[in-house]
Ligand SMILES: O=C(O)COP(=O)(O)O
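First, one chain by itself: the form predicted alone, in structure tokens.
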Amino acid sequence: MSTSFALMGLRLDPLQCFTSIIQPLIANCQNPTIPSKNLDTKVACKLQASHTKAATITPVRCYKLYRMNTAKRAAQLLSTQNIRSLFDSVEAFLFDCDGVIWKGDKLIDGVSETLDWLRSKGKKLVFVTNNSLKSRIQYAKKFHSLGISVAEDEIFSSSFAAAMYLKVNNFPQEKKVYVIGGEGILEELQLAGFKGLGGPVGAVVVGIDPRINYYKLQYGTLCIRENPGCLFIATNRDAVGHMTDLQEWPGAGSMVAAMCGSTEREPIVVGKPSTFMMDFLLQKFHINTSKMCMVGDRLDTDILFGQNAGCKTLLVLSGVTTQTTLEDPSNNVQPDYYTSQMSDLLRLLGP
């Protein structure tokens, strides 16, 4: 069966529809399944299938159809045969941190040398992490403690994203934010002009919280269910994370799931795979997403984030995702490339 799209009299195949219409718009979509106010939902395509009538679909639906058509395309193992074309087409590398740069407080082998080499080649480096335990200032200090020089404005964390979501949506300054999470969220909220103590509570932000307890869940549930218009914001929904270099620990997703169960509500997710942070990244660096490469260890957050934003994607097997998981027939998220660890960039291309 041949599937094509008609837009204002022009017939486009799914790839043309994506590259001509969706890719320029998708970076403005805060949630890939829900068009944001910046996405022109009046633009529509006509789905023409031989056995169905024409159906009007939104750009996001067109994008999802494109992803369905390409989801099973096998990832390429990064090698000397393909790395040059990837490297030359990329102006900015976006790196996840946990499982890519470090595990817990231990730097992964070859990371420091690879980052220095990438900078020497004129590549922009950005660090996009879902871990909300630290603020951008605290993350910059962690990088420095590990011997890596990274500026605060090169770091985009989910704690920062939570504060920015409230700011861009004009959250009332007189209302308070209840936080189930670490001090990173509280610090970013304070820097954005919001208070995390007192009342009335107009938003509940849930992130990873090593000191989670029943009473925090109860108060958060009460605020969401009883306060009219109270926002339920999740920094991310990662199931697990590397709190140490030895094992995986429950991630923010487990805390968010508890709140979903008790409130019977779904949260606004501001971390990956939502492209909300991409809006701020684009404002800072002014680089087209097609010239960015997202490097991460998780398919459902890092790689999906890159794909949702229109970036090239590179999966590293130094963190959560194994090659068995990547090649599992049930896996529908395929990166453009995959490799063992981030330092393979330097190993394959040389100094």
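Don't overthink the numbering: it's just position in the shown sequence, from 1. The structure presented is a predicted model; accordingly, all values stated were derived computationally and were not measured.
We do not show the form predicted in complex with this ligand, though everything after this point is about it.
Of the candidate stretches 78-86, 113-121, 166-174, 235-243, only 235-243 has residues whose heavy atoms lie within 4.5 Å of this ligand in the predicted bound form. Heavy atoms of T275 never reach within 4.5 Å of this ligand in the predicted bound form, leaving it off the interface. This ligand in the predicted bound form comes within 4.5 Å of no heavy atom belonging to E154.
Among heavy atoms of S159, none comes within 4.5 Å of this ligand in the predicted bound form. Remark: L94 does not count among the residues lining this ligand in the predicted bound form, judged by a heavy atom distance of 4.5 Å or less. Listed residues V270, V179, L189, V128 were compared with this ligand in the predicted bound form; V128 is the one with a heavy atom within 4.5 Å.
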